[in-house]
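Below you'll find only one chain, the form predicted alone, shown as structure tokens.
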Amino acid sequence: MSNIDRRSLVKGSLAAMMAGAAVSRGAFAQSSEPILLGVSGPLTGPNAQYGTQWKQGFDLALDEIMAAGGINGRKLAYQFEDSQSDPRQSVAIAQKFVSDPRIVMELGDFSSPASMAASPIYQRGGLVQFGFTNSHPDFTKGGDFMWSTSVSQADEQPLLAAYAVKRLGLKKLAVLHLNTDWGRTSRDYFVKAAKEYGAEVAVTEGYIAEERDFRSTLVRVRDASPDGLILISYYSDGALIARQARQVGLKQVICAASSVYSPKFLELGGEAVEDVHLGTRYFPEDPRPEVKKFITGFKAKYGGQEPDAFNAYSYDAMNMAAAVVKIGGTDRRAVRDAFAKVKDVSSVIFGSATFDVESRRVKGAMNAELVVRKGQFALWDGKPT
């Protein structure tokens, strides 16, 4: 082949690529098909309530996105597959999503272990895994297709330790934690920070997610004579532990991880959760306009129901996904690259959210120190419990 033929072939190929890109952009803007996101999360099993809360947040965000014109005129939609937050299920769902060319991004899974089990599939398949509740520090280390708006446990648990030790003055602690990868990782970061702040950790006890009788564990805790009980739990098990702690005579201060923050914690715990302390990334009394807009819209859509943190996380995640797709379109690699380009996306949790490209997380989440007073969450006023 002559040099002239080669130059002609290169010019022809470049022209075809440019024409193809123009057609692709035009198809993105003009197609009547919805832009489809895949969601892997629990709709059944012990974490089913969180999948339900996700859907509420997603659907509120989608209402607002469509009212504002959608994604360049196109509808944004999601396909929710029930993983039960089980790594075996999340892997099968990942294979399904990667092989479906309609899926431009995946959201989930709920737990870090379920997400991290599937991460190699998403990375190899070139599909973004947006783990918006995945706080394990190693989640985003799985590859450049892993992104998260969740606050890492490496950042969150030292905040809880500072609240318990430096602010509440607790010196001898008992730690109860979910015996999952998330729970153990959170425990390790908490214990390390608490010791650095000068506290003694007298006992740590793990429990399985399905456990319902904690009395023998709590008797061992009582025998260790701590002045504070730390719960690294979700709201359902945290409320149950608090009730049983009071039943076995534990009157010590209880300080809980932000994962218990929910109106359901108050409902399930009743009087037993009175004076429980916790930190949170979301608090409805926050006067920021992003928070007020979210709460007003949520109550209007869901018959006056009070939203909780997981509603806010999923609402933020869908708005972030929309902002990313507006930049990246429907090409999977362009979607990945767009995460580094979005700036100051309106967020309930962050105010305005921009990704740190190195960690592939968002920095600067709010931190409110709360206490349960008269059956309601309130900002802690510094007064002793």
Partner chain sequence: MSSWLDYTINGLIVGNVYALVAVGLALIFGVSRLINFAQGSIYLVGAYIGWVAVVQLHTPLPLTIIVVAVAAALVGLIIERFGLRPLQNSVRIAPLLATIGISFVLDQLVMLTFSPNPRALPSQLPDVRFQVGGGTIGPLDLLIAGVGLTSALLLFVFLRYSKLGWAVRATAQDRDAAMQMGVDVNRVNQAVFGIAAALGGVSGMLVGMYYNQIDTAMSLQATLKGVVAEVVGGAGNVPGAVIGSLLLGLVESYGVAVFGTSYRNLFAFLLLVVVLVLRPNGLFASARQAPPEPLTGTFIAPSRPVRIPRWALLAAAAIFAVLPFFPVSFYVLQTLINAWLLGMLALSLTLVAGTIGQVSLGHAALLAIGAYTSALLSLTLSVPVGLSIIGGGLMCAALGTALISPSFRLRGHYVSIATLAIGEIVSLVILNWESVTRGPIGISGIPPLSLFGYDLISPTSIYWFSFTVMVVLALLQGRLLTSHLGRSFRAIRDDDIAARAYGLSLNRYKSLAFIFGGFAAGVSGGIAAHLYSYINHETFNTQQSILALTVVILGGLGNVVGAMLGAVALVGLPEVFRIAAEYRILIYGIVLLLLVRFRPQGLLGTL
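Residue numbers count along the first chain shown, from 1. As the structure is a computational prediction, the values presented were derived from the model and not from experiment.
Another form, the form predicted in complex with its partner chain, is not on view; read the next lines as being about it.
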Partner-proximal stretch of 144-152, 292-300, 194-202, 245-253 relative to its partner chain in the predicted bound form, 4.5 angstroms, heavy atom:
245-253
Residues 232, 332 and 376 are flagged as a possible site; in the predicted bound form, is every one of them within 4.5 Å of its partner chain by some non-hydrogen atom?
no
Scan 276, 93, 161, 309 and let me know which has any heavy atom within 4.5 Å of its partner chain in the predicted bound form.
93
4.5 angstroms heavy atom contact with its partner chain in the predicted bound form for residue 123
no
Within 4.5 Å, heavy atoms only: does residue 189 come near its partner chain in the predicted bound form?
no
Test of understanding: in the predicted bound form, would residue 351 fall inside 4.5 Å of its partner chain by heavy atoms?
no
Indicate whether its partner chain has at least one heavy atom within 4.5 Å of a heavy atom of residue 264 in the predicted bound form.
yes
In the predicted bound form, residues of 163-199 near its partner chain [heavy atom within 4.5 Å]
179, 180, 181, 184, 185
